[in-house]
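One chain comes next, on its own, written as structure tokens: the form predicted on its own.
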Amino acid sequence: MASALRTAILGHLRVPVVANGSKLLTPLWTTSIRSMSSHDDHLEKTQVIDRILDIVKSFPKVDPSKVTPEVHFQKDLGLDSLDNVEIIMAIEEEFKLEIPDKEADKIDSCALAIEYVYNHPMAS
């Protein structure tokens, strides 16, 4: 049965090739492969740190002098859960990504925000 399925699939599959006289050369698709990986232009960790710290420092209720990469939003900066949501939304906008609510609830410090964004494949 596997042989019949293979034959049926290969019967419909067309691979373009370049002909040079009577010799067949490399298939066209092997020379025109383009990488679609988002890791090609992945952000450096220092970029992520700087941008997240700038977001937190620019938040109206935050004293910029207290913001460090290890700062906790509620314990160290005195923010409440609504402020936390607003910071997460600003991070989503800055890095052009969407953080699911389940993950966003876990991000309560700059360190966790930095790790999440740095490890996210679609962050830009």
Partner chain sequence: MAFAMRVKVPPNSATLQEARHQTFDFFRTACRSIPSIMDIYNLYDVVTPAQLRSTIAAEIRKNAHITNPKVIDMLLFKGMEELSNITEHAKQRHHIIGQYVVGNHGLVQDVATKDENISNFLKNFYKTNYF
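Positions refer to the first chain, counted from 1. Bear in mind that the values here come from a model prediction, so they are computed numbers and not experimental data.
Here the subject shifts to the form predicted in complex with the partner chain, a form of this protein not shown in this document.
- When the partner chain is considered in the model of the complex, residue 115 lies well away from it, no heavy atom lying within 4.5 Å.
- Although the partner is absent here, residue 57 is not a contact residue: none of its heavy atoms lies within 4.5 angstroms of the partner chain in the model of the complex.
- Within 4.5 Å of some heavy atom of the partner chain in the model of the complex lies at least one heavy atom of residue 61.
- Residue contact check for residue 43: none of its heavy atoms lie within 4.5 Å of the partner chain in the model of the complex.
- The candidate spot formed by 52, 70 and 77 lies out of contact with the partner chain in the model of the complex, as no residue has a heavy atom within 4.5 Å of it.
- Along 90-122, these residues reach a heavy atom to within 4.5 Å of the partner chain in the model of the complex: 90, 92, 93, 98, 99, 101, 104, 105.
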